[in-house]
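First comes one chain, alone, set out as structure tokens in the form predicted on its own.
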């Protein structure tokens, strides 16, 4: 332990991060050992670079980005739809599809103490989000005569609660052998002065590394290997907070397969030019997603010859990847973006500081940054009221109230 401590001190001195050992002596022997291990495995050079770029905001011009073509599901001809559905159905029935749900978040913004997937959106049945998603998979299993493997990405923070919740609810009747949990990666949080923070227990304060970390986590936790062993070719990746997510969609699979393209995404048309959503586009000739803050007012409002927004295809985090692409992407490092957040941490005196305003930075990778490594991508526009009912805010837009209404209206017609 003494040698490890000296090695950790040398690393911290080199990077000006000596504060991480200020409360070292108060820790248990186990925690001391873990803290030293964490210090010796942190990439401080990476954190320094990320901190330096924390306020960088890219703004793109029309010279760099252009609209992306899309197929509108509702406007396909009967022949086209039948063709794509037949191809997709064949793949699903052959057991070539897996579903992945990104569920690493807590329901804090909803006033919920626990993983977001355990949240009850207020239906009469009081079914939590996880159960609603599970039911859509069970219906698909029944329809196609298969059991679709379901992989759920948790976080270090909510993994135990999530697994316990599934155990307690008997996996909502889903075959246990077809559900696998894996954890999202983490990166240390830094204060406004660039110093790495300690959490309330005096350990390194870590934060989930964003949904873009999913590919690396799938590789590290053996998910890709498991999928290949099961003969999976197509993987749908979606977020836990969309209660109308359609994870099993033969049309999307058939569209991608028929065009020989290894990735696809679903879009809904923007509610208005200034809706705060990322939109699909092409950046330097490759598929991409551009944030609402990265394009000018003029570009956001620009329309085509049909009066439709040129940049109107909202990315709704419903994506399909061929396993070959997932494997390739998992070997790359996606860029990180900074987020200014409120944090509670332990200072050098051992006092707990509670942030009432943003006082720290966390660094996240975004799943859509992976699109730029693709040669091409199929975008399929779907109807918001049929496939997109997110639960993000306690009230107002994208709240339990709006999601509940969308969910109830959709299932009324079924």
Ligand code: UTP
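The structure displayed is predicted, hence computed values, not measured ones. Positions refer to the first chain, counted from 1.
As for the form predicted in complex with this ligand, it is not shown, yet the points below apply to it.
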Proximity to this ligand in the model of the complex, single hit among 208, 300, 323, 140 (heavy atom within 4.5 Å): 208
Interface residue in the model of the complex among 89, 296, 108, 308, criterion: non-hydrogen atom within 4.5 angstroms of this ligand: 108
4.5 Å heavy atom contact, residue 404 to this ligand in the model of the complex: no
Partner contact for residue 288 in the model of the complex: this ligand, 4.5 angstroms, heavy atom: no
Contact test in the model of the complex: residue 202 vs this ligand, heavy atoms, 4.5 Å: no
Partner proximity in the model of the complex: residue 341 to this ligand, non-hydrogen atom cutoff 4.5 Å: yes
Interface stretch in the model of the complex with this ligand - options 210-218, 73-81, 300-308, 226-234, non-hydrogen atom within 4.5 Å: 210-218
Residues within 4.5 Å of this ligand in the model of the complex, restricted to 229-254 and counted by heavy atom: 239, 240, 241
